[in-house]
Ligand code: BGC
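Let's start with one chain on its own, the form predicted on its own, as structure tokens.
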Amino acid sequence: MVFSVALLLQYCGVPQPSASTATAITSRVDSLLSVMTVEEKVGQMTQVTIDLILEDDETTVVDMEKLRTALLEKNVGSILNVKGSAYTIDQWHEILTAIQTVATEESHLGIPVIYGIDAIHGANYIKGSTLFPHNIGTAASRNPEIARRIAEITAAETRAAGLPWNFDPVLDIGRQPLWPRFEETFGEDVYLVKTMGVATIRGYEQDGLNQDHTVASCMKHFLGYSLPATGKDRTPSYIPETMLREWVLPPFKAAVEAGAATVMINSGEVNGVPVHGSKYYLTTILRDELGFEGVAVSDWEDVIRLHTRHRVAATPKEAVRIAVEAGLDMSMVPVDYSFYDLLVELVKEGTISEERIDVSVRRILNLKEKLGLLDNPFPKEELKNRLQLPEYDNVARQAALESLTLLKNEGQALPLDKNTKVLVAGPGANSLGTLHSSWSYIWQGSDESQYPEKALTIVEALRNELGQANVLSRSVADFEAEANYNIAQLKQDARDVQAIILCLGEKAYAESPGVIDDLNMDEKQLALARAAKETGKPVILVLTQGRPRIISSIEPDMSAVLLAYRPSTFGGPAIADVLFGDHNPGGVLPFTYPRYSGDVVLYDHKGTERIREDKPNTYGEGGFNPQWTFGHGLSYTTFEFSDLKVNKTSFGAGDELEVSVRVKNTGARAGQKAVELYSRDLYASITPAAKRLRAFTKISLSPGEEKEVQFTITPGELAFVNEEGQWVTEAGDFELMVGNLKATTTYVE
């Protein structure tokens, strides 16, 4: 039976709208609000984890008594998460059907539950689904179309399971590489994060939420989560207002303009103020300045943490009051009903007005209406055939290929000849976890048994490519196993091969369990690299990692370095294709790769950060000395830029700048090239950055082929935030740069 809220409202004598318009949605929601009790309203603001409604820890079977407690006694309006690991499509349908049956047929008003999930690089909580590269790798592709397509597929599979709300994309900027969620970001540059983030939102939501192939997106984590001073997860950030507005806020502003339906709040604090308790961040900026009208949901347990961790609330009840009055709509409680109980008390005693509650409940009901849940919240059997389609695998493989970034290729060590016999060594060689990492069938991505048969390790993929006899490896799946670090065995095995493919990096992790104390690569891995060099065989280093780990001590000894990030399901075959020349790499770094753990200077650094005084009164410009800079990436062919032109030598507020450059493939292979336009403000009232990315595109060129690339930029896109917190473009000269070419133009006020 499909229950309709509209039928119940008619039964209650509430007039119903006659047309499906924005006005009709508002009228329908207002009709519901007019007959809801305080308890029902507060229940809509309450989100709990699935653990509270399952029979036990070992099953996916819903305990109907527990479910009725949640939905009928506590009026819960939202549920999230999985217990343990990914569910099959049939399990999802059974769980969600049970939930929605009680919600629609047994509750007073029959309002359905909205179920949320973290599907952040594919439908990672549906068993067997194809997973895509993490955002950090997708950003390396410099291909927003790939990001959009990944989101479309994720939305189709997620909705097919009956899940209408996805907690993605991450719009935090990746400027603190110690942070364990770095792999979930689109990198360090604001424009790159903004562009890829908007493409992702449009992929999730497309042309409307009330469809069988779309989901509500969730821009996160508002605001400043990715910049903890210590690099540890959920620890304080200290962000000057000018930096917050110029670097941190723009991706969220762009997301609001793109129509993002929901937002998740930063678990941490900014300048000593927990974001969950900040009316300035959640109302003044998010609502009043950005104009966001959707649902604001907390992150895991973060309302009570205003009391238990941040200690800005003397009691749990005070924590609830602070968060709601700051502007929060829904609390991811998630393991009890404390938020519900305390908020009901606060409203009934008059501390929080029912009118304030109505504001949040209206937003939540609007979301449910837009998603079509008020008409039919049940999973649809006919959508099961949208899962695990061959075309999804093709997109995943292409995304992995486009993300792979060749950082070094000394003496054209790559590509290797397919007749080469290789030793594949290191902890990453036979590990699926290191290819996938966080949010991969389980939260930590560390359970090798969860991965589908089509997911191949690097060793398995190379054996498919070269044949069993040409690939020698003793690496095992357990990243920490001593067999992966056996130097004596490596040296012995190296006698029988022509090259060593050394797979180093990071094991799978998510969030706080991925916290590290410095960026240096583990000494056991560095020792393995030194031993590989001592064999006298060329060493090809393949890095599977979610953030830059320091390799400066071994990099000179490596013949080539390929950064794979977290390429996921088809990462193994994609790596094999690049190493042996079936694919010409075209990925470029979405972050600056530091040379030393204590020397993290980003590409858009201030000019003064280049200055070093290693000897008294002797100044040099060695302060910016990364291993590789943002935008670096090699190819098996060569490209040449020429004829950089700007259509105006001076421009004003109403003008647009047309920038063109010619790009030629001067090598012997077809290849893809990321063409990036940078600007530099030569003088400004706030010390200008060395350069800023303003636009990019990606082109394909055959050998000898030449194309003209054009960009259009406005004065507003060259603006910065001044000391008064205002966006300004100041009069003066600007350099525009593509590759090694520069052109100068002057802004006249």
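Keep in mind that this is a model prediction, so the values were computed, not measured. Position 1 is the first residue in the sequence shown; the rest follow in order.
Unshown form predicted together with beta-D-glucopyranose; subsequent notes refer to it.
This chain is drawn without beta-D-glucopyranose; in the predicted bound form, the residue among W165, W439, F570, Y204 with a heavy atom within 4.5 Å of it is W439. Checked against beta-D-glucopyranose in the predicted bound form, the residues H134, R181, K673, K368 give one hit for a heavy atom within 4.5 Å, which is R181. Only one segment in the set 218-226, 446-454, 494-502, 624-632 has any non-hydrogen atom within 4.5 angstroms of beta-D-glucopyranose in the predicted bound form, and it is 218-226. Within 4.5 Å of any heavy atom of beta-D-glucopyranose in the predicted bound form lies no heavy atom of A531. Contact annotation for E511: at least one heavy atom lies within 4.5 Å of beta-D-glucopyranose in the predicted bound form. E402 falls outside the set of residues with a heavy atom inside 4.5 Å of beta-D-glucopyranose in the predicted bound form. Residue contact with beta-D-glucopyranose in the predicted bound form: V424 places no heavy atom within 4.5 Å of it.
Contacts of stretch 279-317 with beta-D-glucopyranose in the predicted bound form, defined by any heavy atom lying within 4.5 Å, are made by D299, W300, listed in sequence order.
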